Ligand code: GLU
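Before any questions on how it binds or moves, here is one chain, the form predicted on its own, in structure tokens.
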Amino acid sequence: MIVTRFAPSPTGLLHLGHAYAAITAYESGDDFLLRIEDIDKGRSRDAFILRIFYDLKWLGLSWDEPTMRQSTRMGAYAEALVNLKARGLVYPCFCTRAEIAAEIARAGEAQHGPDGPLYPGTCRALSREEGLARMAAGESYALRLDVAQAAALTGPLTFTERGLRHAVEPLRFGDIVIARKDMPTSYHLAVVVDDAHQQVSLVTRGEDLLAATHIQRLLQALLKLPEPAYAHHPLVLDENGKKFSKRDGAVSLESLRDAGATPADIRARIGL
């Protein structure tokens, strides 16, 4: 049985791009799950969750209940983080964004990843004692994964994209942030923990997240989690060739519905 999922963040209204992703996931498997990725406490709103439910049902989609909310899963993420810490794969980073930018500027040619210049590893050299002392003193910090050390532990990895095997390039994102002082997880860590918990066997999502598969496969291997298959689909773009944004209310499913659009109209517009 193929288990798929749609995992929106309740930080705005669903738009045409979400419709494409949700319908694609729904039609790609035998069992469809909805997961609410609401770890961003500052931006997530319960009102948007209710609208997500309404929009998806209006499109004719149904899913297994109860709907998982990541905000109820902090213990599972903390447990995964303890696992990584116990093997010395995590270190605290006290650098601000401005300090990281200044360090990159001083270095001259910075390595670049999918999200821009890579973190230069400034705090990787801090002693364990200094890191613990600064944390105990109340300084703000992020917890980063020592990706090179992690990759050395797992050895070469691959992932399956539409039936073809691809080599994992774990260093593409550098030492990613996997938690913060006030948050025991990040997107990457939460996604792999929850996909395993929900037994998701096929991850369908936009091609803008293809690069994320490299770091997520590394985390799956480190945590000994099952490996799903992947199918990244094209993005739905506006007339200027840009991704739709939640800030663009004109393409929200709610506004299109209010203007008289039907679910069939939505499918026709996104080519499904």
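Note that residue numbering begins at 1 and tracks the sequence as displayed. Predicted model only: the values in this text are computed from it and were never measured.
Another form exists, predicted in complex with the ligand; not displayed. Remarks below refer to it.
*Asks:* Picking from 218-226, 53-61, 205-213, 25-33, which part of the chain touches the ligand in the predicted complex when contact means heavy atoms within 4.5 Å?
*Replies:* Residues of 205-213 come within 4.5 Å of the partner.
*Asks:* Contact with the ligand in the predicted complex for residue 141, defined as at least one heavy atom pair within 4.5 Å: yes or no?
*Replies:* Residue 141 lies outside the contact set for the ligand.
*Asks:* Residue 187: heavy atom within 4.5 Å of the ligand in the predicted complex?
*Replies:* Yes.
*Asks:* Give a yes/no on whether residue 145 approaches the ligand to within 4.5 Å in the predicted complex, heavy atoms considered.
*Replies:* Looking in the predicted complex, residue contacts with the ligand do not include residue 145, since no heavy atom lies within 4.5 Å.
*Asks:* Taking heavy atoms and a 4.5 Å cut-off, does residue 9 contact the ligand in the predicted complex?
*Replies:* Output for residue 9 is yes: heavy atoms within 4.5 Å of the ligand.
*Asks:* Taking 4.5 Å between heavy atoms as the contact cutoff, choose which of 93, 191, 178, 200 touches the ligand in the predicted complex.
*Replies:* Going through each option in turn, the one that passes is 191.
*Asks:* Given a 4.5 Å distance limit between heavy atoms, list every residue of 26-60 close to the ligand in the predicted complex, or none if there are none.
*Replies:* The one in contact is 37.
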